[in-house]
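In structure tokens, one chain follows: the form predicted alone.
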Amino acid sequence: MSRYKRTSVKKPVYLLDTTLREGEQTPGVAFTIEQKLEIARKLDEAGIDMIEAGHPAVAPDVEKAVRLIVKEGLQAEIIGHSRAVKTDIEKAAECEVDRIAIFYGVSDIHLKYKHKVSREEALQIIAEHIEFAKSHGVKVRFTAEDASRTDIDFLIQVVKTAHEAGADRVSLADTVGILTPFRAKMLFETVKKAVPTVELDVHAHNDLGMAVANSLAAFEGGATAIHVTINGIGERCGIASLQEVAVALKVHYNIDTVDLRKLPELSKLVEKYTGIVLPPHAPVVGDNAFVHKAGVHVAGVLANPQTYEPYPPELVGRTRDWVIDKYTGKKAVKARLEKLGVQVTDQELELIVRKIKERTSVRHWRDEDLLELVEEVTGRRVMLRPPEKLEALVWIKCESNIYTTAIARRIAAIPGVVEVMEITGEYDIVARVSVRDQAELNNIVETIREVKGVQSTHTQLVLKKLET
């Protein structure tokens, strides 16, 4: 087992991924042990600093997963989550994690209604359990749950108490996502000034859509670790997204945290295992993140991508594209046709663009549709270039007691599946697949068959997309 941990190297900010703990608290999400191991390995390969592997006392499978992740010998620091309860702490220590993260609600509303203790009693409980964890020879992080709604003077007392008891890191949690960036920065500056020797984490929930902004503001205020999950999953509206935080740190502060090119792969992996598909407009990894539409936008991007892109898609292993519809200009259509190997005169181009704008019912012109329009306008026969990838249709029959849409959503999240349709007839779903080769197609078909509720499949290869 490797002894080297990335956290042994001083950095301006560390990323802690809690997909396996906070992420699994997403309603409807339950990772298998094998899935957790795969996600942990992929996170480590990407260069994540800390992995919160789970709360071992929650369930036997969580404990087993934490133990196995620890045995992987990853370079990331492995963290076990725990309540301020000695049996929880002992369970985490038995898993031989690098750090135990103890959490305790510290706002008055938590103290009164959840813990039913006074502030003085809370401080005693926090100190006692941190000291107990330290006696097991592990590093300790204390999480001040609901810190953002805690009286600031008492919060400083909490942080001092935790630090003096042996916690070298203290996480200030915006548990219900009510901070604003200004307040987040001010909160961390205030606490850091009062307890300058402690290292602060930020755990920002996304209930008002500001988790990423609040995390960056907390970093500016003195936080040296940001908690994230892949795709921003977690309780309710989730927490700050790994891909958004990592790219923002690079774009705004030129700080390298993880291999950004691995973010799309991580995103797809979690989509696959959760069945939660990101919307097309999701930053960084969404289908539309680097797809341009308006004519002036496309013209600008064709001249210089920086006109309408905050960072190049290649930074995260993506490529740019543009769509053809009524918003399209001549430069966009001409560039698309040249990409397809088709040349037209200026007069023909003018007419093609005019017809595109007239046909407002067409939301998006596929390459096949555009070439048909070229044939209509020019009178010349054109054809698509041979497909660079192997395409197939996979017909799927579902078990009768399973909700078909739920299966369709899970299949849509499988990398390589480009379109999913629910249909009538002998089969229930048809999926269009685009892959590099037969081996990749076989893997996707096997993955589809493993989806709970799939009874059988039938695969057909696409031989031609346009008859000559």
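Note that the structure is predicted; figures quoted are calculated from it, not measured. Residue indices: 1-based, along the sequence shown.
Not on display, but discussed next: the form predicted in complex with coenzyme A (COA).
Participant: Of the residues Val198, Leu260, Ala84, Val323, which one places a heavy atom within 4.5 Å of coenzyme A (COA) in the model of the complex?
Facilitator: If I apply the 4.5 Å criterion carefully, the residue I get is Ala84.
Participant: If you check Ile423, Val58, Ala406, Val418 against coenzyme A (COA) in the model of the complex, which one has a heavy atom within 4.5 Å?
Facilitator: Residue within 4.5 Å of the partner: Val58.
Participant: Name the stretch: of 340 to 348, 211 to 219, 274 to 282, 101 to 109, exactly one has residues whose heavy atoms fall within 4.5 Å of coenzyme A (COA) in the model of the complex.
Facilitator: Among the candidates, contact is made by 101 to 109.
Participant: Thr459 versus coenzyme A (COA), in the model of the complex: is there a non-hydrogen atom within 4.5 Å?
Facilitator: No.
Participant: I'd like to check something about Glu244: if you look in the model of the complex, is any of its heavy atoms closer than or equal to 4.5 Å to a heavy atom of coenzyme A (COA)?
Facilitator: No, Glu244 is distant from the partner.
Participant: Although coenzyme A (COA) is absent from this view, report whether Gln25 comes within 4.5 Å of it in the model of the complex, heavy atoms only.
Facilitator: Output for Gln25 is yes: heavy atoms within 4.5 Å of coenzyme A (COA).
Participant: Taking any heavy atom pair closer than or equal to 4.5 Å as contact, tell me whether Glu145 reaches coenzyme A (COA) in the model of the complex.
Facilitator: It does: once coenzyme A (COA) is placed as it appears in the model of the complex, Glu145 has a heavy atom within 4.5 Å of it.
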